[in-house]
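First, one chain by itself: the form predicted alone, in structure tokens.
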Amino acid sequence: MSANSRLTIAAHALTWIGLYQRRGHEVATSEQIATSVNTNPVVIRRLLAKLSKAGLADSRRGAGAGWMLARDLAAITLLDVYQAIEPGPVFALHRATPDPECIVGHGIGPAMAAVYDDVEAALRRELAKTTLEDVLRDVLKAA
């Protein structure tokens, strides 16, 4: 099972757009963003569509088409990005109900749900502490 990189790619795209706009550009194309991320522009467009629905990015059509931030980097947390692209829980229980006659099958759901709830709450708390302005600052520091 591989790790999910959508949050990283979405944060990368929004941070890149923010820096690009600070450098005097109005909009960024999905092709430009995809070059930085090293992925297909279609991947970027799909993620930015979700981010747009969440009020984090805007698009312009026609001449001068492209993407821009809907809010300043300092007003976008990693939790905002996460909620826009990963609306469901981090972990899930069984798809099919385990055998209720089995002692483990009967008790595994409640036992794991309690742990998962705590993990989810900790994840959200940590993501809420970091803005994309913080991410950009750390990126520029590392450059």
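Counting begins at 1, following the sequence as shown. Please read these numbers as outputs of a predicted model, since none were measured by experiment.
Below, we turn to the form predicted together with the DNA, even though it does not appear here.
Participant: Counting only heavy atoms and a 4.5 Å cutoff, which of 99-107, 41-49, 113-121, 73-81 contacts the DNA in the predicted bound form?
Facilitator: Of the options, only 41-49 has residues within 4.5 Å of the partner.
Participant: In the predicted bound form, is there a heavy atom of the DNA that lies within 4.5 Å of any heavy atom of Thr29, even though the partner is absent here?
Facilitator: Residue-level check for Thr29: yes, a contact with the DNA.
Participant: Even though the DNA is not shown here, does Ser59 get within 4.5 Å of it in the predicted bound form, heavy atoms only?
Facilitator: Yes - in the predicted bound form, heavy atoms of Ser59 and the DNA come within 4.5 Å of each other.
Participant: Does any residue in 104-143 get within 4.5 Å of the DNA in the predicted bound form, counting heavy atoms only, and if so which ones?
Facilitator: Contacts from 104-143: none.
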